[in-house]
Each structure stands twice: as C-alpha cells, then as structure tokens.
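Quick setup: one chain, the form predicted alone, written in structure tokens, and binding and motion questions come after.
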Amino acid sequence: MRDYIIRRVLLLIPNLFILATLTFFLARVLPGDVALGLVAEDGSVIDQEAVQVIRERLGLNDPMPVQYARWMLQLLQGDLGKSDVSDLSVVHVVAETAEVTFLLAILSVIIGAAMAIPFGILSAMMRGRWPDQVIRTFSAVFLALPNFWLGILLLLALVTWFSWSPPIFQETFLDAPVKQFQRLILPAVAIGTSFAAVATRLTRSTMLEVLNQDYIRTARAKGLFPNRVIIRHALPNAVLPIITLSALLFAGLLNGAVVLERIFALPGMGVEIVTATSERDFQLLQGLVLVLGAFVMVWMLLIDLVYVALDKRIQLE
C-alpha cells in the first residue's frame, strides 16, 4: 500500500507538468489581447503605445518559449503568479472562490446520494411493479432536464409562491453557515437532482445484480429479515460502483456548475475561469485550472484508497 501511494504521488508531478503545459499553450490559442482590454476599459480610443507598454509590462512581447519558461520557473518556486487584470495573486483568488465551488459540489453530491440510494434500492426490490416504473420514469425525466433550467424554475417558484429568495451578499461558511447554506441549497438541489437521476439507475442495476447472487439467496433461505439482507449483505457489495460514479461526478461538478454559479451569482472558481478566459487573463486562467487539476488527481487517489477500505479483495499493489 505504501509503495502504491508513493508511486501515485510521484505520478502527480508529470501529470501536473502536462496539464500546465497544455493550459499554457491552449490559452494562447484564444483570440484577443488582455492589453487591448485593459486600455479600452473606459471606452476611449485605443492608444497603441499604451497597449505596447502594458504588453511589455506583462511580458507578452517576449517569445513564446520565454513566456513558457518563465511560467514553469514560477511553478517550480511555488508561485502561481498574479492576475494580469486585477493584479491579485492567483492564490488569493483561489482562497476567495474555492469555498463556494467545493461546498456546492459536496452539497450536490450529498443531496444526490440521499435521493439516489434509497430510490435505487426500492426500485430494485420492487422490480417490475408500479414503484419501480414511477422511479424509472422520474429518473429518465430529470436525466433529460438541464440542471440550470431546473435551478431557474426552483428560484422562480420560491420567489413567486413564497416570496423568498437566497441571500444576496456572500459570506464565508464559518462566519454565517446558515446564510451560506441558504445561498447554496437551490443550485445544489438542481445539480443533485441531475446527479440522482444517473445514480438511481446505477444503484438499481447494481442492486439487481447483487440480489441475484447465491449468497443473497442463502441469506434469505436462512430466514434473515429482508432489511438485514439488503443493508448488511447486499448494499456493501453494490456500493463500489456508486462510489465510483459519485467520485467522478464530484470531480466534474467542480468545473461543471458554471452556469448555475452565474444564475445564482455565486463567486466560485468556475465563474472565475470563464471570466479569465473572456478577459484573456492568462496567469489567472492557468493557475485556476492547475489548482483544480491537482485537486482532482489527489481526489481520485483518495477514492482508490477508499475502495481498499471497503472491499478487502481489492489489491492496489
């Protein structure tokens, strides 16, 4: 186990190097110029001399290999650089926006799993009966609905019928956990419902497969209570595919909730990535993508270790 963890941690280095390289060159394929945007902020006539001054200050006039070498040297020193537009350090921007994105992703997965696991188990136990048909129908419907559209409907319904809307001003979770929860609950429900639609069908299929195993029939033949058979024997063996899906969806949620972050005015990392892309803020864009990539890589390593803890038959060596 120790050797496996060491190998995986060492593999993070070339993976992050490849991610940083791809992000650097793909960002510069985008049309536009951050210097033009900075000069034209006030709507005045663009001064080409001022543009060249800004490009020189930001190092954009240097050859591409020089810019790339400077970026890599910064990373080796543990420096993610500063935003070309706001002049804030990338670390500061990550610290300001990461909480919203991570809390939204965590809350969405919790809500989705809380709906998917019981409904999936019920659907498998009632296979072919009307509860199974209803659950499968609703999972198909919510699978087809875009989560941002569902989020808009939830927001309009609460405002229209109950005259309630989420808090406007952003506060940290430690300072105001209730307000932070109120602000995140609607987008989390919208995303979690879409997640539950997928996870419910997976839970149903894995439970059906496990329920047909010989050891489950033996447990039933011994006269064990049905709930004990499901919870004690069937569910632990069916949970690994669900954990796999939850881990992948959680990683995807870190980048995929951009639309809902904009709809609900959430200052998350997804919105910052879109803003940095539109403003051609290369330093900020590179730093945010690299931080998210590093987290996803570490996250997948942790999930592999959870597999071993849940199922001793899995060997990672």
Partner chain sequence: MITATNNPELSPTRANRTGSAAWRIMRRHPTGAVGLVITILILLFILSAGILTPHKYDRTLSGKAAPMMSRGFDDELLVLGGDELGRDVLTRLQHAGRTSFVIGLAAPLLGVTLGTIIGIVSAYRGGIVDLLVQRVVDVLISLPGLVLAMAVTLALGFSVWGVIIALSLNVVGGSSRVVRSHALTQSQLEYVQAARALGASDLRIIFRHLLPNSMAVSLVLFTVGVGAAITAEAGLSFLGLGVQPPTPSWGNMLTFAQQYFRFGAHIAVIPGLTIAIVVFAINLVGDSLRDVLDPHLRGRG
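Bear in mind the structure is a predicted one, so any value in this text is a computation, not a measurement. Residue numbers count along the first chain shown, from 1.
Only in words, not in the display: the form predicted together with its partner chain, which the text now covers.
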query: Contact label in the predicted complex: P65 to its partner chain, heavy atom within 4.5 Å; finding: no
query: Any non-hydrogen atom of A69 within 4.5 angstroms of its partner chain in the predicted complex; finding: no
query: Exercise: I303 in contact with its partner chain in the predicted complex, heavy atom 4.5 Å; finding: no
query: Partner contact for L60 in the predicted complex: its partner chain, 4.5 angstroms, heavy atom; finding: no
query: I106, L156, L73, I243 - the one with a heavy atom within 4.5 Å of its partner chain in the predicted complex; finding: L156
query: Residues within stretch 268 to 301 having a non-hydrogen atom within 4.5 Å of its partner chain in the predicted complex; finding: I273, V274, T277, R280, V289, L292, G293, V296, M297, M300
